[in-house]
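Coming up is one lone chain in structure tokens, specifically the form predicted on its own.
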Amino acid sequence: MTFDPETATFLIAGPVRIHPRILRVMSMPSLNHRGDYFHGVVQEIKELLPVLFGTRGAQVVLTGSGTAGLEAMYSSLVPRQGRVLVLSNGNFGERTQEIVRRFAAEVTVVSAPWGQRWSVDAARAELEKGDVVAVCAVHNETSAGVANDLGALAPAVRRSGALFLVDGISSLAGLPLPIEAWGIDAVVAGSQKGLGAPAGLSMVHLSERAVAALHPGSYYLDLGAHLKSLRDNDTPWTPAVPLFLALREALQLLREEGLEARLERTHRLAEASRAAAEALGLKLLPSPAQASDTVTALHNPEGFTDATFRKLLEREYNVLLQGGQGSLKGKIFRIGHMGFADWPDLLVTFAAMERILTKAGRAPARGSALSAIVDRMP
């Protein structure tokens, strides 16, 4: 079988498969981005963003991928003086370090091996020293399939008075992220993950405290400039109009499904993926208690390289999964199950994996992976 992107079972860790309704709205003819119609689109997006973030407040949309949203947040909010604490346990934690070091006077990193959570106790110890002005953390580390425990750290951050700045790109609309309850001051979302829109937009939620703390940083990504324009349903610079149309539709789909329903579906898919992997004798990278609900990271099957295994899935079964990043490249593969991923995707994927392992003489009881999935279906 030749890989066909239009019909493939597409389960990478983002961008995710795009719903047909979203694809259709992007085919609209060109619009005047300073005209009334587009201003109406921006107004609708503003009204819908609380569905994604689970709370109201100052929220902006940036033309630029999730990394642009992170740079906007850090350049506009990281204090120029004082110590900034960065929590890192994967590729995106390391990216956070790289961005923050461009804007912070002093950076302290609490790190953990990829595939493990960083230590809440170690982070608390740094906060108790009393000089931390901002805490920068990745909620969901997709490079290693780990969900970090921000809730356990949140009270200590609140007591310290530091700004709490969070990369929620792969967790919003995929994992519970109670922004107000955890006292998060700013959080970045990406269009191409749990929301299920195309890549190329980032959204930032800001608390009242964060709005008061904004300062000029990047020119294009100045959050203050974006907030000012959004008051008039406008953008400071030329936006990616088709992506704004897609974002509006994706937010409408999320509202129709309901945030809690999407989180529950994503959680069920994650549990089914882990159970099916265990049935095939595949080893999870993180411990199950720390595993992400949006992406499952697995060690390569014995006797297969990452490239060989995923190429067989792609070439013979039209199934696309994702390899590892950074220090895990070639050592693991990842299954994304967020956005509009659903039960048929898992059934096809694990049936194909079982067949490949069976041909290699390494599979357990026939149908065990599919049974594990079916047992967890609603």
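For clarity, every value in this text was computed on a predicted model and none was experimentally measured. Position 1 is the first residue in the sequence shown; the rest follow in order.
The same protein also exists as the form predicted together with a small molecule; that form is not shown, yet it is the one meant from here on.
Student: Among Val61, Leu52, Leu70, Leu321, which has any heavy atom within 4.5 Å of the small molecule in the model of the complex?
Tutor: If I apply the 4.5 Å criterion carefully, the residue I get is Leu70.
Student: Going by heavy atom distances of 4.5 angstroms or less, which of Arg262, Arg248, Arg274, Arg95 would be at the interface with the small molecule in the model of the complex?
Tutor: Exactly one listed residue reaches within 4.5 Å, namely Arg95.
Student: State yes or no: in the model of the complex, is some non-hydrogen atom of Lys193 no more than 4.5 angstroms from a non-hydrogen atom of the small molecule?
Tutor: Yes, Lys193 is a contact residue.
Student: Does Val138 reach the small molecule in the model of the complex if we count a contact as any heavy atom within 4.5 Å?
Tutor: It does: once the small molecule is placed as it appears in the model of the complex, Val138 has a heavy atom within 4.5 Å of it.
Student: Any of the heavy atoms of Ser170 lying within 4.5 Å of the small molecule in the model of the complex?
Tutor: Residue-level check for Ser170: yes, a contact with the small molecule.
Student: Do Thr142 and the small molecule come within 4.5 Å of each other in the model of the complex, heavy atoms counted?
Tutor: Looking in the model of the complex, residue contacts with the small molecule include Thr142, since a heavy atom lies within 4.5 Å.
Student: Can you pick the stretch from 78-86, 185-193, 304-312, 232-240 whose heavy atoms fall within 4.5 Å of the small molecule in the model of the complex?
Tutor: Stretch 185-193 is the one.
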